[in-house]
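Listed next as structure tokens is one chain, alone, in the form predicted on its own.
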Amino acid sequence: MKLGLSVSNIWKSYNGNQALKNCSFSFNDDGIYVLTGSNGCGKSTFFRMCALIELPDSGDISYFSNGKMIQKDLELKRRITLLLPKIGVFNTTVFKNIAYGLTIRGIKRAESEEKINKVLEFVHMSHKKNQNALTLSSGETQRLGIARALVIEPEILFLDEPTASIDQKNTEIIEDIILRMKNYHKATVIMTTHDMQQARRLADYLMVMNNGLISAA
């Protein structure tokens, strides 16, 4: 069943500085949700809460399917993926970097190869499969990160500033990838950007964060 998310009245502060203030958000529809706002407004903090990497000081973050709440366990964490602006890569080929997530899930080699080749084609990196990942450009590394996230077929994919510090050519490629994602694995995409023009190009649903508060655009 489709995985949905409900965020209710979450607050978060660091060293007395309020990062999130009574934030609420929910969805259970397919599509691309874009949260925009200036740098430092709390977008990344909000994402870490939603991806269950950090806990809020108060409020509730719940995942549900078919009207029923889902326990926040390892199985749930395998159904959601957060991609950060800076991608860590292993000192090996692009292919083996993408294979890692499938290997730890026990996916057989033949099935893994099929999935990896498919996702490499999707992000326009089939010709890079045998290249050492450490030699990729920043834009190519970001596309590798997207491929690594997509190959494990998450139901919800969080993208935190996916084109930050990326050149224009790769930004355009990544935007095209994002637009095609919702049909690729039927994944729901939730992303942040400080670029309002980019947000309007990509969003099915657009939200704005300002001083730790979320509102509909």
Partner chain sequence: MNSMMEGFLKAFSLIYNLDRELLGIILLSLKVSGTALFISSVIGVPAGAVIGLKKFPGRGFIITLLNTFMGLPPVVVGLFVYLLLSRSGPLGFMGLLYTPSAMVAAQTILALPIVASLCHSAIVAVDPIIGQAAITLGATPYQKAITIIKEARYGILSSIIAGFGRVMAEVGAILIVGGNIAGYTRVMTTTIALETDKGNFELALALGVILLIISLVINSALHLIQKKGTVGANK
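It should be emphasised that the depicted structure is a prediction, and the values quoted were computed from it without experimental measurement. Positions refer to the first chain, counted from 1.
Note that the form predicted together with the partner chain isn't included here; everything after this is about it.
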Checklist entry - Considering R109, H127, K86, K118, which brings a non-hydrogen atom within 4.5 Å of the partner chain in the model of the complex? => result K86
Next on the checklist: Taking the partner chain as it sits in the model of the complex, is K43 near enough to touch it, meaning that at least one heavy atom pair lies within 4.5 angstroms?
Outcome noted: no
Checklist entry - At the 4.5 Å heavy atom threshold, is I61 in contact with the partner chain in the model of the complex? => result no
Item to check | Contact flag, I53 vs the partner chain in the model of the complex, heavy atom cut 4.5 Å | outcome: yes
Checklist entry - Is there a heavy atom of F95 lying 4.5 Å or less from a heavy atom of the partner chain in the model of the complex? => result no
Checklist entry - So which bits of 124 to 148 sit within 4.5 Å of the partner chain in the model of the complex, heavy atoms only? => result N132, L134, T135, L136, S137, S138, T141, R148
